[in-house]
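Encoded as structure tokens, the following chain is the form predicted on its own, with no partner shown.
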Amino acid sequence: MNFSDFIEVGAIRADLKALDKETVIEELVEALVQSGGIQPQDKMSIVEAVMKREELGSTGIGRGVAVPHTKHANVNRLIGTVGISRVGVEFSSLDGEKVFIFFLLVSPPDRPTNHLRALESISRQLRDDTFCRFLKQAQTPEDIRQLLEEADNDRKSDKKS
């Protein structure tokens, strides 16, 4: 699955202001609202659902990365965004380190396959240290969009060879 299949480009944030886990999630969900990806009336219930998922175990997977995610009945397609924190956020990560790169995913409960495929695509790409380094250095949403597009193109060319 490509990033272009689920990342809402208008919701990408290159300079998150939030300093804690819940506020980061609120900021990313608000970005999805502002981009038209989710309805304003669903914002708080989506934030609550993501926080409830975090109670099961942090989605801070280590190496400065977190992938908060949830399923929500009021979204009709898999949707996501990317946010970069300049200062890092305490996220109860597996390695105890602050998180700088966030991928937020929200999907309909009746499409678990797409949800898992998106999580797999994100985690596979985030194993690439160079990709992560460039993401952390990205200054604008356009920089991030270009990195995601390059990753999609690299994945397509890998499948051809």
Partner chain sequence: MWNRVVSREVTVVNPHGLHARPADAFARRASQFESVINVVKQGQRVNGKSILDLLMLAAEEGTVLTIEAQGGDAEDAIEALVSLMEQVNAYDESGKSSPNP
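Numbering follows the first chain given and starts at 1. Note that this is a predicted model, so its numbers are computed, not measured.
Separately, the form predicted together with the partner chain exists; it is not shown, and the next lines address it.
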*asked:* On the criterion of a non-hydrogen atom at 4.5 angstroms or closer, are 56, 116 and 119 all touching the partner chain in the predicted bound form?
replied: yes
_Which of 23-31, 98-106, 36-44, 120-128 sits within 4.5 Å of the partner chain in the predicted bound form, heavy atom basis_ = 120-128
*4.5 angstroms heavy atom contact with the partner chain in the predicted bound form for residue 51*: no
*According to a 4.5 angstroms non-hydrogen atom cut-off, is residue 72 in contact with the partner chain in the predicted bound form?*
no
*Hey, in the predicted bound form, is residue 136 touching the partner chain, heavy atoms inside 4.5 Å?*
no
*Would you give me the residues of 6-37 that have any heavy atom within 4.5 Å of the partner chain in the predicted bound form, in order from first to last?*
none
